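Just one chain is shown here, as structure tokens, and it is the form predicted on its own.
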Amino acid sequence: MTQERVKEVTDHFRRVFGSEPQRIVRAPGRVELLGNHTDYNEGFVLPAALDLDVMAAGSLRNDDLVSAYSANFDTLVEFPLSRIEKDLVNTWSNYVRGVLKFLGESGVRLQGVNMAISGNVPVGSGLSSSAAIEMAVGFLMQALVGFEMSGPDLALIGQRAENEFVGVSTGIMDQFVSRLGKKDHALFLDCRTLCYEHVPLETRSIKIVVCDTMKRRGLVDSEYDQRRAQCEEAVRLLSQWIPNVRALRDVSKGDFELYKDRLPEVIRKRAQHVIYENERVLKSREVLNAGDYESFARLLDECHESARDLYEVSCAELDTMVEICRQAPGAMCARLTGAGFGGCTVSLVRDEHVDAFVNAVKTGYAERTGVTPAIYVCTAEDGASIVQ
């Protein structure tokens, strides 16, 4: 599959620019296994990089012009590195523009570039096609220009591009795992310190199956902003009684249980989800290092109930999909993944039952909703890498 996609992006580059690319890189999409809405609370997350990715082929130019072609949108945009402005028409290019802008501001001496970008990460599904584009563009420039930059620093460039240039308020998880994922591992990340470790997640006998409800939602919406504000209010209130609380990650389960009844009901529910979700992420390191996939699956199930009932970011389509997935052959668990309000669920499925699982979910979801879901059978893969 990788070679087919390398050929495809090479053909696009050749057709648009009339030459061969100097480098081709890939950067994966990701799935959030655990760590639902904990990232912007300075907490802990456990994503995995997937075998769905964005490929970018590129060659340096002798001027400061960037000529970027999107195969997905069949559109070419051009702009000078000396004047990077937001594009209100070809909005996909803002992920490219933002990364180049902040690379330049970080002190990197860039050159003009021709690039062709092609991705198979479904847009709007919660698998972070945006971070995959950002890391593909950043890593391509690193491969072409040869500047030194650590994985965490490039991830931070991508996050700045998304937050400050595109205007979407996200945590660091997506870019971090797209850049630093590891095959057959999940990535444990402390979103405050950016300390991370790779945790074993063997995806030969157990597959990561992502089921797209086909209900789209944007991250920039009032519900997402409201949840952030509610978490901040919980911090403000709890810090009156608990010392050194800067974010919800600083509140232990024990302290929360002591003071939760002093919180307004909605604030209590939001805080409880985040605090207990952080505990689930910490527990996941222990069970995965022990190879205990049954316990890991239970943590994912618990996450869904909490996201649904306490954080209230589920919806009818997600709950229906989770119910169908849990009853399908080979399923170990199912939960919503990502911001919620639509998008995807994630399940762990025993490899020998994957085909039966996919058939059962497609049929069951179509019967219940009238919509045929997209289903992706995935493995945990490496982060951004040079493929040619």
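All figures in this text were calculated on a predicted structure; none of them were measured in a lab. Residue positions are given as counts along the sequence shown, with the first one as 1.
This protein has a second form, the form predicted together with alpha-D-galactopyranose (GLA), left out of what is shown; the following refers to that one.
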item: 4.5 angstroms heavy atom contact with alpha-D-galactopyranose (GLA) in the predicted bound form for H37; value: yes
item: Contact of A339 with alpha-D-galactopyranose (GLA) in the predicted bound form (heavy atom, 4.5 Å); value: yes
item: alpha-D-galactopyranose (GLA) contact at L103 in the predicted bound form, heavy atom, 4.5 Å; value: no
item: Contact test in the predicted bound form: Y224 vs alpha-D-galactopyranose (GLA), heavy atoms, 4.5 Å; value: yes
item: Segment that reaches alpha-D-galactopyranose (GLA) in the predicted bound form - one of 110-118, 135-143, 285-293, 168-176, heavy atoms within 4.5 Å; value: 168-176
